[in-house]
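Given as structure tokens, the chain that follows is alone and in the form predicted on its own.
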């Protein structure tokens, strides 16, 4: 599978990474029921198909996703799989989640993640969301120290804007940013993507399928009662109908290229200048195979121009 360097002097990551949000199972921001055996099969199939990195987080299933990742990686050499996880979303004994990037909290989180993942180090450690209660300088400084101590190899952030990236960079380089990015959510194109490209910050985009909508297989009616997507703006009007209309307009392009709508959406994201890799979730082995195959899709300039014309309503 094709690889790209993550940021300045970073590792080579495959242009598709495996996301594990859904495999955490039920919690306030879960995706409905999920069998661990299906999750483990999805992880192992992703690796068999050539994907070399996994993105997870402690909060996914309140620790469960990290534990499932560890189970799936039993038998693999540690250096064969690049593991990215996060900090900053913590929960209490009632499962209530809050943002906390206080240095002491980050230190507690990394130790808990290392234990759940059954590893001595994390390849990429990321702030999950900004924390308005803690100066980012303090939060970033402890990330630098964790790197110096060898507990993490690279440090990055998720969901940060340019001003926050600049504040972090004043202390130490930011290896990567993880923002949401898809055909229908293109906010980062205005400032964030150009800034990262100019300053050699890797961009690993999450939700390239817009939480499943761009597959053409997901509808509001099919969601489990406890699926967090009921709360998503993309599953409410007017965005829901607009995306459904777009999917039907994209379908002939996918059929012409003999690929799925999901593969088209993923290929579009990784075709954009400045994007290192797309993080795509998989809940079973079949989805993992389909996602991995998107890495082989070549979108020509004519394809991209045709798609761009259809995306006019979604430009930032």
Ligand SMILES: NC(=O)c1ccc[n+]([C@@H]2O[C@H](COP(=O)([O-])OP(=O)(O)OC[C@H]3O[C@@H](n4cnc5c(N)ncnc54)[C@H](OP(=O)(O)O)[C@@H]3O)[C@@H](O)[C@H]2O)c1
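Positions refer to the first chain, counted from 1. These numbers were taken from a predicted model, which means no experiment stands behind them.
The same protein also has a form predicted together with the ligand, omitted here; what follows describes it.
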- Query: Hey, in the model of the complex, is residue 209 touching the ligand, heavy atoms inside 4.5 Å?
  - Reply: yes
- Query: Looking at the partner-bound form in the model of the complex, is residue 129 within 4.5 Å of the ligand by any heavy atom?
  - Reply: yes
- Message: Residue-level contact is defined here as any heavy atom of the residue lying within 4.5 Å of the ligand in the model of the complex; does residue 22 satisfy this criterion?
- Response: yes
- Message: Given that the ligand is not shown alongside this chain, does residue 175 nevertheless sit within 4.5 Å of it in the model of the complex, heavy atom to heavy atom?
- Response: no
- Message: Which is the contacting stretch out of 152-160, 98-106, 242-250, 189-197, given heavy atoms within 4.5 Å of the ligand in the model of the complex?
- Response: 152-160
- Message: Counting heavy atoms only and using a 4.5 Å cut-off, do 58, 115 and 123 all touch the ligand in the model of the complex?
- Response: no
- Option touching the ligand, based on a heavy atom within 4.5 Å in the model of the complex, out of 133, 222, 166, 230: 222
- Query: Of these, 272, 287, 49, 52, which has a heavy atom no more than 4.5 Å from the ligand in the model of the complex?
  - Reply: 287
- Task: Output the sequence-ordered list of residues from 24-47 with at least one heavy atom within 4.5 Å of the ligand in the model of the complex.
- Result: 31
